[in-house]
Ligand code: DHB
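One chain follows as structure tokens, the form predicted on its own.
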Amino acid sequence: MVTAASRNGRVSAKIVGGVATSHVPAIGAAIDQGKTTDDYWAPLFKGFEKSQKWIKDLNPDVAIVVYNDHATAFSLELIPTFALGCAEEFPIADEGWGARPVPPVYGHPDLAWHIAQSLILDEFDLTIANRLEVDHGLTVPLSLLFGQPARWPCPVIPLCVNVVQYPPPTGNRCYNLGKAIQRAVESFDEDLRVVVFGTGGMSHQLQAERAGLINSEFDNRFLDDLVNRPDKARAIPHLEYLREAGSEGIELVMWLIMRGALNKKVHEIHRHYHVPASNTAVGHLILENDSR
């Protein structure tokens, strides 16, 4: 069992694992409509069974979920590059067909405000959100890892990233933000075990001539680099994401926040890659810091 960090006799919080996963809205619909065992969906959900056992055994105290809003909490009128949810509760958004039938998301204001202070003083320009509805970008990853509980098993701190309106942050900026989050968490004087989710991607494009694009070669190379060569992954420029992974492939920069929040060397616990889910490629990783 991984416990909180202790330095110089001081107990502090610790990041104990990282989760990377796509957040395709159709996955949420399949869960909500009881279709997870259908022929089309069963192979995808099979790849998350080990992950559900892993997180149940790990039993984290808090989850930081990095995701992007899909024009529900934010719009073209207000576009924060990074927005951190510091509220006690985050309602489930109605994205046009009713809110998903999942529990409300409860936050951890003490840790969230500590992270906000630490990041801003670490020279990251952060928007603080004390009122925030969360959409499928956040709820689908929770469902994939935690199933369908009556209440989510731990508080959640949402970190929303703009990957919808150009210019999004660079992969390098996101990786460095992850390192700053690691510093912030480890300076919090409470015995908490924290898991960081990086969500979105993988390759997909939803419009124009390349709608339905899936580039499995790029996706699997990105998975390899994220685990073993994060410095290479963080250097991928915007145009390469667009060219190789489609217009929505830029969501992968959010995985780099999760990766940056871990140590340089990690242990890959589980990997899953599935094509297609709706018109996208689904990728998934479970990572832990390598203690060797």
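Predicted model, so just to flag it, every value in this text is computed and none were measured. In case it trips you up, residue 1 is the first one in the sequence shown, and so on.
Keep in mind that the form predicted in complex with the named molecule is missing from the display, and what follows is about it.
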Legend entry - 4.5 angstroms heavy atom contact with the named molecule in the predicted bound form for residue 278: yes
Legend entry - Partner proximity in the predicted bound form: residue 13 to the named molecule, non-hydrogen atom cutoff 4.5 Å: no
Legend entry - Partner proximity in the predicted bound form: residue 136 to the named molecule, non-hydrogen atom cutoff 4.5 Å: yes
Legend entry - Contact test in the predicted bound form: residue 79 vs the named molecule, heavy atoms, 4.5 Å: no
Inset, instruction - Verify the flagged residues 195, 259 and 288 against the named molecule in the predicted bound form: is each one within 4.5 Å by a non-hydrogen atom? - result: no
Legend entry - Which of 201-209, 180-188, 217-225, 97-105 sits within 4.5 Å of the named molecule in the predicted bound form, heavy atom basis: 201-209
Legend entry - Listed residue (232, 238, 50, 70) with a non-hydrogen atom within 4.5 angstroms of the named molecule in the predicted bound form: 70
Legend entry - Interface residues of 241-260 toward the named molecule, as seen in the predicted bound form [heavy atoms, 4.5 Å]: 251
